[in-house]
Ligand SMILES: Cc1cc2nc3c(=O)[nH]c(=O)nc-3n(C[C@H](O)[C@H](O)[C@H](O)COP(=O)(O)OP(=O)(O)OC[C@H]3O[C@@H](n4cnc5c(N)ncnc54)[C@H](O)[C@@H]3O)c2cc1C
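Shown here is one chain on its own, the form predicted alone, set out as structure tokens.
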Amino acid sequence: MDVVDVTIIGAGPVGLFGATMARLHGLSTTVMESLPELGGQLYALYPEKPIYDVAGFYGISGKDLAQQLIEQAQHFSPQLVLGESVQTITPLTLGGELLYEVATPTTRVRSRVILITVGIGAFIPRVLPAERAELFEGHGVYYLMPSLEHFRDRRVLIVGGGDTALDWTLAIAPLAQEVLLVHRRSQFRGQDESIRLIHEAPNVTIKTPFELTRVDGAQEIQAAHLKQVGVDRTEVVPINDIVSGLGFLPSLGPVKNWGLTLAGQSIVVDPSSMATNLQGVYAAGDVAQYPGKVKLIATGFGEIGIAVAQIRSYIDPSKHGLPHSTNLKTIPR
């Protein structure tokens, strides 16, 4: 069995950039992803969500950002294993060298280094706590978004107070007849600029502090019941669609059995190297945790630069850090 330098577990935006950086600097690389396509959670969950916090790409959709990262990574031809979930990583010693055998139910890869970029892990939606909402999942109540065009000229209710709910509000409002943004607290937790734009949108109504308590309708949603928090007062509003901006419950799945030091559903790393407690195992992106961590795609990209520099030196101690890409004499393909 051949041995690769780096096995990247997770092919979301951070994992894809990891593949680019690893191959750019001459490391043989395998990317393993449980989903059947590249792009990870960004592509699967938020294909039309606008992304505002990646430098140089104001308002780019999740799908377009993922596609550009996919094209960039594929230019360097990493080995891909898609549609297979990694179950175990097993240390072994061959010829005095520490390696890891990375195993899915059908594939085994031997690797000098593992880089874990699984994001939040398995994505289980936070269920809307509203009576009868489950009757309309996928055809009126949306945890995974349909095409934005679906919302044209419709009345849309969006639930949540974080960046996900705010971003969906800004994306849907230009198409919808009316958008109601419902949050159970008086203050939003998202970016100030998003809040400002929502207040300026002529067809967006903010309902705070309110909770969605019931969904009415037969074949389609007809109305939503909203209860004011702390007050015995309920409103019934006509609605065609409900979008959850409550996010997803993180679950590391098999990762939690790999002997890593965890903090909740995150992997503890040294921010100076992105190294975990296991020799030769690194983590980056939303799954990595250290004091002061900010969970942004841009943060994950920076962590990849740190991790790949350390990985390169770990594999070949004569090489320190990363040469600037413009100074490379040859670009691996």
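Remember, it's a predicted structure, so these values are computed and weren't measured experimentally. All residue numbers refer to positions in the sequence shown, first residue = 1.
The next section is about a form of this same protein that is not shown, the form predicted together with this ligand.
Among 220-228, 183-191, 133-141, 112-120, the region lying within 4.5 Å of this ligand in the predicted bound form by heavy atom distance: The contacting stretch here is 112-120.
Contact label in the predicted bound form: residue 19 to this ligand, heavy atom within 4.5 Å: Residue 19 lies outside the contact set for this ligand.
Distance check, residue 72 to this ligand in the predicted bound form, heavy atom within 4.5 Å: No, no contact at 4.5 Å.
Touches this ligand in the predicted bound form: residue 281 (any heavy atom, 4.5 Å): Outside the cut-off, so no.
Contact of residue 247 with this ligand in the predicted bound form (heavy atom, 4.5 Å): Close contact is absent here: in the predicted bound form, residue 247 is far from this ligand, nothing within 4.5 Å, heavy atoms only.
In the predicted bound form, the one of 274, 297, 66, 267 near this ligand [non-hydrogen atom within 4.5 angstroms]: That would be 297.
Listed residue (243, 239, 212, 86) with a non-hydrogen atom within 4.5 angstroms of this ligand in the predicted bound form: By the 4.5 Å heavy-atom cutoff, the listed residue in contact is 86.
Neighbours of this ligand in the predicted bound form among 1-34 [non-hydrogen atom within 4.5 angstroms]: The stretch touches the partner through 9, 10, 11, 12, 13, 14, 15, 32, 33, 34.
Sense of CA distance change between residue 144 and residue 34 in the predicted bound form, threshold 3 Å: Relative to this form, closer in the predicted bound form.
Direction of C-alpha distance change in the predicted bound form, residue 84 to residue 145 (at least 3 Å): Note: Cα gap between residue 145 and residue 84 shrinks in the predicted bound form.
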